[in-house]
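So this first bit is one chain, no partners, the form predicted on its own, shown in structure tokens.
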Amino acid sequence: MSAASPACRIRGAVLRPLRDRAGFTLMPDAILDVDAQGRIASIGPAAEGEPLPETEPGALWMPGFVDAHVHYPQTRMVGSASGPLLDWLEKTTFPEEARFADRAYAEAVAEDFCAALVAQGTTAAAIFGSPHPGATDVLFAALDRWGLRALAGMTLMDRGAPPPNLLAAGPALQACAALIARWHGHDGGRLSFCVTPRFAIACTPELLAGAAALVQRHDLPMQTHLSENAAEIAYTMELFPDSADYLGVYADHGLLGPRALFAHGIHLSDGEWGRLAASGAALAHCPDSNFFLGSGAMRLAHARRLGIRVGLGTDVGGGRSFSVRRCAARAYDAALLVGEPVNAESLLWQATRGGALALGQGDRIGLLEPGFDADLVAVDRPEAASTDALWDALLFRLDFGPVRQARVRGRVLSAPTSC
């Protein structure tokens, strides 16, 4: 292979997302070249008589799925129906997350977690780690070995849970600083540290302010929960009576801004919607967990009208599947419930390009264009009578065809092998 030759060539049908609006163009027969750095060097129609065979016959290539909200320590509790939210946390989540003080257990679950992401074609994710520094370090190491792309952070909690789940503000912020030094920007930015207060209920004002200081000092992304459940909102306002509303709690502590990613946003007031949009913050829409825990339905179309960046989150283990495609199908149902329908094509875009934008990575992933990282998946291509029927089949045939292959920077993701 000459120096000018591509490191990898892929031939097949390709779905290319539009850059700034929810839609795709379909290339029935394309060739995509990936350079030695894992970036797309070129993409175009295959010439007549092109000898290169299809890379995955019968597949459709598209950007990898982006999970905008998922919990690593909840991998083994999927399907635990002990909701609503606050009851579910107490009965199921906190006891399971306490087990992550055991590094060997954390390592085993980290492997399961990464395998589940790859199996569903998730190439990038915003991940809540454990409240335990060692388990979060284990998570980063596993993500690195598997080759996945992620924003991840240690879940910050210094109140509102049993003692095994808590870490006081001072030690927690020191642990974050050590994890930032080790992992933030790792491998050319493939892995990033994300400041992760669980939610306002679980954090003292000291911890929230310390989290904001980390964001500012290191120019980091931040993720947390917002307005998921009516009881959660009421309790938040009891703890922070001087704040105007739930979003105001985060704003008052320096955590509202363009690097912020808020999960849920179901019960926002008009004022909160307006301030969220003005801040440049993003939302992670988690319809499956919202249904499972009986929390309500977020207004996706309304968020779009306000220009808010929105990704889709499986929210495992409140969500019942690691599949972002299944999550997108649930988003269709949620939109019908609030009387603001959305179509399959736009939801598929939300699961790929929309997620990249929500994670603040829209300049490097989520488009199949020269210069973008070659984060791709190959999925079975359904027979469809029209392009509209294709979008519907890709999203709503929940039992149709697995993800055949997932790649980050052109590299096929699979279980790491020992030396």
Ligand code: GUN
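All residue numbers are counted from 1 along the displayed sequence. Being a predicted model, the structure only gives us computed values, none of them experimental.
The form predicted together with the named molecule is left out here; the points below concern that form.
- The putative spot formed by Arg198, Leu293 and Asp315 is fully lined by the named molecule in the model of the complex; each residue has a non-hydrogen atom within 4.5 angstroms of it.
- Contact annotation: His285 falls outside 4.5 Å of the named molecule in the model of the complex, judged by heavy atom distances.
- For Trp146, no non-hydrogen atom is located within 4.5 Å of the named molecule in the model of the complex, even though that partner is not displayed.
- Put simply, His225 is close to the named molecule in the model of the complex: some heavy atom of it is within 4.5 Å.
- Using a 4.5 Å cutoff between non-hydrogen atoms, Gln120 does not count as a contact of the named molecule in the model of the complex.
- Checked against the named molecule in the model of the complex, the candidates Leu89, Ala260, Ala135, Leu179 yield a single residue with a heavy atom inside 4.5 Å, and that residue is Leu89.
- Of the residues Ala334, Ala142, Leu268, Leu85, just one reaches the named molecule in the model of the complex with a heavy atom at 4.5 Å or closer; this is Leu85.
- The chain is drawn here without the named molecule; in the model of the complex, the stretch among 274-282, 71-79, 235-243, 337-345 whose residues come within 4.5 Å of it by any heavy atom is 71-79.
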